[in-house]
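What follows is a single chain, given as structure tokens, in the form predicted on its own.
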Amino acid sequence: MSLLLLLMGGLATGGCRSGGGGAGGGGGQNVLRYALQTRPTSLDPATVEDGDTIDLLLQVFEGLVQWNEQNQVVPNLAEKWEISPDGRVYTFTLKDNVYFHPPHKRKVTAQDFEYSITRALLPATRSGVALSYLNDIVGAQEVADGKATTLAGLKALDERRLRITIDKRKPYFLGKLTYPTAYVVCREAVEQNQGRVDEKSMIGTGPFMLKEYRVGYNVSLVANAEYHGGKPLLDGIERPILTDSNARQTAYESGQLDITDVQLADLDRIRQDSTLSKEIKQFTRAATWYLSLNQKAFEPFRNRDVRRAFAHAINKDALIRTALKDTVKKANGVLPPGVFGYDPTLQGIPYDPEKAKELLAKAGYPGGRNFPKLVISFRQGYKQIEDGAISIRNDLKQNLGIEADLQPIEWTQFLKMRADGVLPCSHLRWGADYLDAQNFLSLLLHSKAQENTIGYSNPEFDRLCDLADVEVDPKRRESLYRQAERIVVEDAPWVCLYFQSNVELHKPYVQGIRDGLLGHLPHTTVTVKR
């Protein structure tokens, strides 16, 4: 049975409320309908870590800065900021017309950001990602370790001015503040909900408000008529939870959805359909799909020759042709186009079955003999991901004599197992949170990085990343990251496969979608006129 949570009444006290009100949602003519592809993993900006759920939350919550359609960091709740000459101190001035969602509205202050960012780091919040995005702030580690309850580098100077001090100059720092861990939440709502942000306390400042959450079934949002950026053109947004790709496609073709993702196995049929073919949209994403070779969970991957053998054995061109229908570009490196540091000259490790056999034999597994049983894990529910994994498995069998089983895993469980570092081999992607090489190289593959759950370590790679992370000169910084990327590509803790491109279907009456390399932007300009 579904749990129906009607959030219209608000909290009993305090300055914020627990749900939306007013027109919108349901079957209105100006309501955008597109499915959530999985049940939301978290409604808390401090803990969310997957793109599907972030797309939902960024309609409701906001931070100091945001991305625009030109992939630039621009003001959001902050109207401006100043950076000290040494690059360590950021002083933000908040807009004067930002309120938490009505009817129990209250003006947002610098103290609210002080509370929200500190809360994200506190051990009680149990965020697996907060330290990755807020670690540059002075005192962040102490708060995360439970040694302090106040963040030394974060101070509200008055109601409208917030000062953030970071440990060193970090050219990418503003980009980090676009991630949900720096979004502002309503203190009263959170504290009255025992410190949790869920459907009872999902209070933000964004263009839409939570109207209804039917757990496992759908999320309904309603337009915030008093939004600081002007009332959205939509009345609301409906997000039915449809984990099955066939169900999403059927719902779109029967007129129940206005936008849907395209399962690439259906693409040939869609291209041949006189109506659907005109509704295809394709969006480039700053994201890299790869095969992760976990040295902590699978002993053979500690041998560099084994990892390089895998890289030489996988036919990326065939994978892209058969599983991805030639909709993506091959990845020769970690960094996708559009990310600072991307190197178009990088050749990577080429497909070379004979070299692959030679390296595997050198590692002590000639023809795959005595190689332990391997399991390749991936997110369930997406045929092109499974088809990609099948292609990889076939290449390993044909070119190396290695047998592998395939293991589809439910998305929330997959995220947990990845974070715990227990998946020996997985087919997955990393999508940029901010368009900087640091978000891929240092954040994911540095030996001391929290997100490095696969045990990769190379002192020279670490040294180059450490230098690049604080380098002032952009050309020098780019050169350092490119040197680091070449090292990690040759070491092959990842087999980089392809750069993501999303194929979607949009009804012709949906207008005003804004998009960037990181995904669709909040739907403030969208209209639906059926």
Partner chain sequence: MAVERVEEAARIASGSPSREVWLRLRRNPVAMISAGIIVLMAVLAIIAPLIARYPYDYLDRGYELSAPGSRHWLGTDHLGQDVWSRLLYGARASLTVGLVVSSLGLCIGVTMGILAGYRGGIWDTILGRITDAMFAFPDLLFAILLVGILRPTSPIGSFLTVFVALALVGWPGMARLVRGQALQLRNKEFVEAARAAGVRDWRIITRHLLPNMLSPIIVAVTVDIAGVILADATLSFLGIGIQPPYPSWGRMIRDSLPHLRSEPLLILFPSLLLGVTVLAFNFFGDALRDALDPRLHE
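Treat the numbers as computed from the prediction; the structure is a model and nothing was measured. Positions refer to the first chain, counted from 1.
The form predicted in complex with the partner chain is left out here; the points below concern that form.
Participant: Only one of F310, F301, F378, F113 has a non-hydrogen atom within 4.5 angstroms of the partner chain in the model of the complex; which is it?
Facilitator: Of the listed residues, the single hit is F378.
Participant: Identify which of S442, N76, T260, S391 has a heavy atom within 4.5 Å of the partner chain in the model of the complex; exactly one of them does.
Facilitator: Answer to the contact question: S391.
Participant: Using the partner position in the model of the complex, report whether D96 sits within 4.5 Å of the partner chain, counting heavy atoms only.
Facilitator: Although the partner chain is absent here, D96 would stay clear of it in the model of the complex, with no heavy atoms inside 4.5 Å.
Participant: Does the 4.5 Å heavy atom contact test between N246 and the partner chain in the model of the complex come out positive?
Facilitator: Output for N246 is yes: heavy atoms within 4.5 Å of the partner chain.
Participant: Can you tell me if K325 lies within 4.5 angstroms of the partner chain in the model of the complex, counting non-hydrogen atoms only?
Facilitator: Yes, contact at 4.5 Å.
Participant: Can E279 be called a contact residue for the partner chain in the model of the complex at 4.5 Å between heavy atoms?
Facilitator: Taking the distances in the model of the complex, the answer for E279 is no, it never comes within 4.5 Å of the partner chain.
Participant: Can you tell me which of 456-464, 67-75, 266-274, 83-91 lies within 4.5 Å of the partner chain in the model of the complex, counting heavy atoms only?
Facilitator: The contacting stretch is 266-274.
Participant: Using a 4.5 Å heavy atom cutoff, which residues in 388-419 contact the partner chain in the model of the complex? It's fine if the answer is none.
Facilitator: Those in contact are I390, S391, R393, N394, D395, K397, Q398, D405, L406, Q407, P408, E410, Q413, M417.
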